[in-house]
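What follows is a single chain, given as structure tokens, in the form predicted on its own.
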């Protein structure tokens, strides 16, 4: 199989998976007890008004017609209307996705850089007190629930020391000042970075275990390979030898990075709630409490799509990162 054929096949599988997820979400929410219209009915409505309400929302159509319109709307970028806010779901979710990405992407990237380097460092010192203390420390931080770790940081750095604000992305006064400006400009304000520090630290400390332990184990495994003994016999300096070890040992960490990034954007719900961060996690919680099913359905779809695309990119990049990996028949 050529690389082009492999790319086309993986692309088709990825698109098919996204379609299956979208279809499963549609039928899952329709199979739940109750009726969408019951969320919209106001006290005092007569049967004619209720029937008109169902017609306006397309709830009086057969299920296969609703499904066809749902898929067609998704393909045209229409994610439906929020019951709670009475506005298009995409307009409601889009800024929340950006807020979550701004929080998670730099934090997870820093986690894998710092954790990978720290794992390589302790992996070269097997059996030392540094290795043992390093493994214990990252394991302890990960064993603490992420929301409780955030509360501990708030108690220390906000309530006790008063260094950082407790929650939010900006203060209410600043939000009023920047509401007419371009959305991205708020990310450049010094106040934003003060609000950003504690959620960033929470994500970094909580997820540090994955890259550290994987890199440590990979370095231990790679260090015993024969080609490194050859380089040692040649008298290669330790710094250059360490770079070669990190280059080969980092493949499992690089593979896990996009998957962790994709899962974290949709998985840091409690951290966003603790810090009152206006991301999709906080929106998902409030939508669940309000039974705003169009928003819930679309947020789940976005989260699943992000994970599927992350795995797709890993499959494509792994052959580039590791020359030992090839598509079947490519060597011909």
Partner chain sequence: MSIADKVHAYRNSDLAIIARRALENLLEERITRVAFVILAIILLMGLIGPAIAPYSYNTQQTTDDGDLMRYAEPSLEHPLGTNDRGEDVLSRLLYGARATLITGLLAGGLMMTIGLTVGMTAGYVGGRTESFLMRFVDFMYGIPFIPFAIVLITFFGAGFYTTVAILGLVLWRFIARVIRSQVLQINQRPYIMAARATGASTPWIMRKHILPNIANMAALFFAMGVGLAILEQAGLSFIGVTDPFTPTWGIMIRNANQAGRIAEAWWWTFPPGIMIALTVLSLYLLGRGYEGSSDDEVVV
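Being a predicted model, the structure only gives us computed values, none of them experimental. Numbering follows the first chain given and starts at 1. The term rigid core refers to the most C-alpha atoms you can superpose between the two forms while keeping them within 1.5 Å.
Beyond what is shown, the protein has a form predicted together with its partner chain; the following relates to that form.
Taking the partner from the other structure, its partner chain in the model of the complex has no heavy atom within 4.5 Å of any heavy atom of residue 169. At the 4.5 Å threshold, heavy atoms of residue 28 reach its partner chain in the model of the complex. Its partner chain is not shown here, but in the model of the complex it comes within 4.5 Å of a heavy atom of residue 300. Although the partner is absent here, residue 289 lies within 4.5 Å of its partner chain in the model of the complex, judged by heavy atoms. Contact with its partner chain in the model of the complex holds for none of 121, 234 and 245, as no heavy atom of theirs lies within 4.5 Å. Comparing 128-136, 74-82, 236-244, 92-100 against its partner chain in the model of the complex, the single stretch with non-hydrogen atoms within 4.5 angstroms of it is 128-136. The single contact residue among 117, 178, 144, 251, judged by any heavy atom lying within 4.5 Å of its partner chain in the model of the complex, is 144. In the model of the complex, 270, 273, 274, 284, 285, 288, 289, 291, 293, 296, 300 are the residues of 270-300 with at least one heavy atom within 4.5 Å of its partner chain, listed from first to last. Comparing the forms between the shown form and the other one on their rigid core, the Cα displacement of residue 91 stays under 2 Å.
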